[in-house]
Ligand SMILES: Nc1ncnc2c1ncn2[C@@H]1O[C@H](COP(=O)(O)OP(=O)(O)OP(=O)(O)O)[C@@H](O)[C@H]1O
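Taking the form predicted on its own, here's one chain by itself in structure tokens.
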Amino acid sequence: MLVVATLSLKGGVGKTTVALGLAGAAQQHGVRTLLVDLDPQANSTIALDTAPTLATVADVLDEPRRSVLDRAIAPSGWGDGLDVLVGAEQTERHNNPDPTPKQLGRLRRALQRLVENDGLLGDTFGSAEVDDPYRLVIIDCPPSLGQLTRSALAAAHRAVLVTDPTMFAVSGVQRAFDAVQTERQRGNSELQPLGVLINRVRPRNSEHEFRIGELRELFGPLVLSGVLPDRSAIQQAQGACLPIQRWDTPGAREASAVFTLLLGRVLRSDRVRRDGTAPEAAPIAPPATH
């Protein structure tokens, strides 16, 4: 079970759009997925058109037990193969600025409950040796570095850093990159940045071209080659509670292709992690500085 966090420390860049697009691509390609809506705005939960539940992720963070987890997970309205650990406004009570290690470990412990084998917990989290209920877990983080985002990073194997091509993009991605590095140093040596995904790109926009070039100069191969175009189809699909993969317009197909590429990168990273062909604790090269 691979756990991927979609991360941005700058609001309004489309972090939830990326989480939903990746979930839609996974569903389209038959990859059983759980989306964890950790953002108190709960936009992912709304867009995924989930049925009411007896608990939410806020309750799971109160008590990370399997019985609570089961009450907080609902099938997505998008169809089979995609479930949601539903979000709620009450999750904000867990967004402490200075959390304890125990608080930071609650989400990871909850996800461990998903891979229990005959009621026994061992070092099986993310292992191929158990029959995982999900191949992929996507965590939609809030746009701040409090307990919620740090909990996601403590539980994740990979992080997608989401940004847009604006003047504040570089500092936002730098802060997100630093957050990943810090969490690795605190103990989650499996955590790696999967890449930087640039959203809301307008073609032939000189400012966007300049910022994209700046990001590529600073972050090198971490910047994903596919960028998400600024297309109204993305908002239209979300408003209709449908995956972008089912919104039949040229703009939707363009965005869908980017999410398919992102899913491919995610699955390749999972194979590397399972095969042990790259050391998980290897240092991450820092971005270039001027």
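Quick note: we count residues from 1 along the sequence shown, nothing fancier. Because the structure is a prediction, the values reported are computed rather than measured.
FYI, the form predicted together with the ligand isn't displayed, but the following is about it.
Peer 1: Counting any heavy atom within 4.5 Å as contact, can you tell me which stretch out of 234-242, 28-36, 49-57, 63-71 lines the ligand in the model of the complex?
Peer 2: It is 234-242 that comes within 4.5 Å of the partner.
Peer 1: At 4.5 Å by heavy atoms, is each residue in G105, T149 and N188 next to the ligand in the model of the complex?
Peer 2: No: none of G105, T149 and N188 comes within 4.5 Å of the ligand in the model of the complex.
Peer 1: Report the residue, out of Q192, S76, T91, N199, that has at least one non-hydrogen atom within 4.5 angstroms of the ligand in the model of the complex.
Peer 2: Checked against the cut-off, the match is N199.
Peer 1: Would you please decide whether T260 lies within 4.5 angstroms of the ligand in the model of the complex, comparing each non-hydrogen atom pair?
Peer 2: Because no heavy atom of T260 falls inside 4.5 Å of the ligand in the model of the complex, the answer is no.
Peer 1: Would you classify G172 as touching the ligand in the model of the complex, given a 4.5 Å non-hydrogen atom cut-off?
Peer 2: No - in the model of the complex, heavy atoms of G172 and the ligand never come within 4.5 Å of each other.
Peer 1: I'd like to check something about R273: if you look in the model of the complex, is any of its heavy atoms closer than or equal to 4.5 Å to a heavy atom of the ligand?
Peer 2: Judged by the heavy-atom cut-off of 4.5 Å, R273 is well away from the ligand in the model of the complex.
Peer 1: Please tell me whether any heavy atom belonging to P143 falls inside 4.5 Å of a heavy atom of the ligand, as the geometry stands in the model of the complex.
Peer 2: Result yes; P143 sits at the interface with the ligand in the model of the complex.
Peer 1: Taking only heavy atoms into account, state which residues of 9-36 are within 4.5 Å of the ligand in the model of the complex, ordered by sequence.
Peer 2: K10, G11, G12, V13, G14, K15, T16, T17 sit within 4.5 Å of the partner.
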